[in-house]
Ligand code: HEM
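The form predicted alone is given below as one chain in structure tokens.
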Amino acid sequence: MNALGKTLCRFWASSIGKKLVVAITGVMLVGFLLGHMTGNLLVYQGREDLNDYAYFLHHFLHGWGIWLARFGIIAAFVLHIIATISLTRQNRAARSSQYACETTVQASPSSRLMIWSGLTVIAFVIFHLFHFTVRVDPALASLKDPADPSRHDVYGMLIAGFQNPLIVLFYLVSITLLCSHLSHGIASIFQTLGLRTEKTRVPIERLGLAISVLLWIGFLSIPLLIVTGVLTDTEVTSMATPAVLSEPNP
């Protein structure tokens, strides 16, 4: 093994190294969620704007842009999970020390739920990818934009996917746990990067809460308005409703 490989192995083996991996990948994932939510909110501007956005994403850099983004986000997601699990195991092994005991006592509810909310989010992401990005349901895969049959109808897919109350309920639970995860995780990112001090502790915690609430409202407003009939698809009335979870993906 060369010098670079040895350095990377030592970096990964240290708890500081893993914490930095969690923090950096966390920044990437939070940025992705904010961008993804912003794209989803185009549903309120109508079919044309949302489908234009999806078409742009799938043809950026001749189609390579979306794949580079997907591989980058998936890599960050996997590294985030692996590093977090490894850190959790190290912390459990060190619980006999006084420091670990004090930390456990002072942990917030969001901190204590981190592992469980993380596992739920993983299940949600896998379910979402298979049913929307991979489009295992042929009813979803065959949807076409009424104004331009050459491109996929992402707007219609959103409306159809959130007609099922059970899917909306699963989405509600998953996004709520995700935001609970973020409310603690965002503050931890600042702490790991050395940007959290006694003076900045409260503003950082408020920032984490604000971002979490923003994402919660942004993501959940769409399925809730669809399932309650406020947001509808007036152009496609005869389409069967597939039992899938859907939203535009980069």
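Keep in mind that this is a model prediction, so the values were computed, not measured. We number the residues from 1 along the sequence you see.
The same protein also has a form predicted in complex with protoporphyrin IX containing FE, omitted here; what follows describes it.
Using a 4.5 Å cut-off to protoporphyrin IX containing FE in the predicted complex, each of 58, 135 and 157 places a heavy atom inside that distance. Not displayed here, protoporphyrin IX containing FE is approached by residue 178 to within 4.5 Å at the level of heavy atoms in the predicted complex. Although the partner is absent here, residue 201 is not a contact residue: none of its heavy atoms lies within 4.5 angstroms of protoporphyrin IX containing FE in the predicted complex. Among residues of the shown chain, residue 183 is not one whose heavy atoms approach protoporphyrin IX containing FE to within 4.5 Å in the predicted complex. At a distance threshold of 4.5 angstroms between non-hydrogen atoms, residue 80 is out of contact with protoporphyrin IX containing FE in the predicted complex. Though protoporphyrin IX containing FE is absent from this view, in the predicted complex it lies within 4.5 Å of a heavy atom of just one residue from 119, 85, 129, 139, which is 129. Only one of the listed residues (225, 30, 213, 66) places a non-hydrogen atom within 4.5 angstroms of protoporphyrin IX containing FE in the predicted complex, and that residue is 66. Within 4.5 angstroms of protoporphyrin IX containing FE in the predicted complex, the stretch 32-56 places a non-hydrogen atom from each of 32, 33, 36, 40, 54, taken in sequence order.
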